[in-house]
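Quick heads-up: it's one chain on its own, the form predicted alone, in structure tokens.
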């Protein structure tokens, strides 16, 4: 199966490291121009030589104005954004605690970057996609949104479930315009400081139990998630919308 994005313009949020970086490189290696955004600045000299192009920008996905500016800049050359992949999110450095101890600010911080960030990112690119007659939107949700979060963080599981609901709703709204909206729900992937801290906090016994509960007997890699994304944002998935694909080794 050959997937080619030559000539396509893509935006990836949360692209500085981990899953977002793997998706950025996957799209660029197949010919896309990728506008890789994150709230932290990445070193562009780390970007490998690819068939496409990677353009780095610092963007806060909770800021509607910054996202609008990114979409306008990304679409200036071709007149459109063909692909949006929303990766920005996570637990914002939080750890699980009893519900009675959760501060309102902690709840909002996770909801803002995960659910609001995905909504505002889609809002920024949809007008151009409608005008172009199509597009692909992909949200990186989580197995926590389909079941129970390993983090024990109430806001995270709720926000990820909210993302999946948003995907279903937007798929129905945007389908008549040729825009597909889907989600990939990873299992635990040790791809950033938060997930690494979560892994280490489990300890040896729980780590072993988790791996043994996965039929493929290994944790996922960032590239495993990126590969699923490549399919869902390609023309091969043009009749797939409103779906959430679990990429978790069968767990």
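What you see is a predicted model; the values in this text were computed from it and never measured. Numbering follows the first chain given and starts at 1.
The same protein has a further form, the form predicted together with a small molecule, not shown here; the description that follows concerns it.
Of the candidates 92, 168, 116, 80, 92 is the one whose heavy atoms come within 4.5 Å of the small molecule in the predicted complex; the others do not.
Taking the partner from elsewhere, every residue among 141, 188 and 192 has a non-hydrogen atom within 4.5 angstroms of the small molecule in the predicted complex.
Contact annotation: the small molecule lies within 4.5 Å of heavy atoms from the stretch 141-149 in the predicted complex, the single such stretch among 70-78, 175-183, 97-105, 141-149. When the small molecule is considered in the predicted complex, residue 125 lies well away from it, no heavy atom lying within 4.5 Å. When contacts are judged by a 4.5 Å heavy atom cut-off, residue 16 counts as touching the small molecule in the predicted complex. For residue 32, no non-hydrogen atom is located within 4.5 Å of the small molecule in the predicted complex, even though that partner is not displayed.
Although the partner is absent here, residue 84 lies well away from the small molecule in the predicted complex, with no heavy atom inside 4.5 Å.
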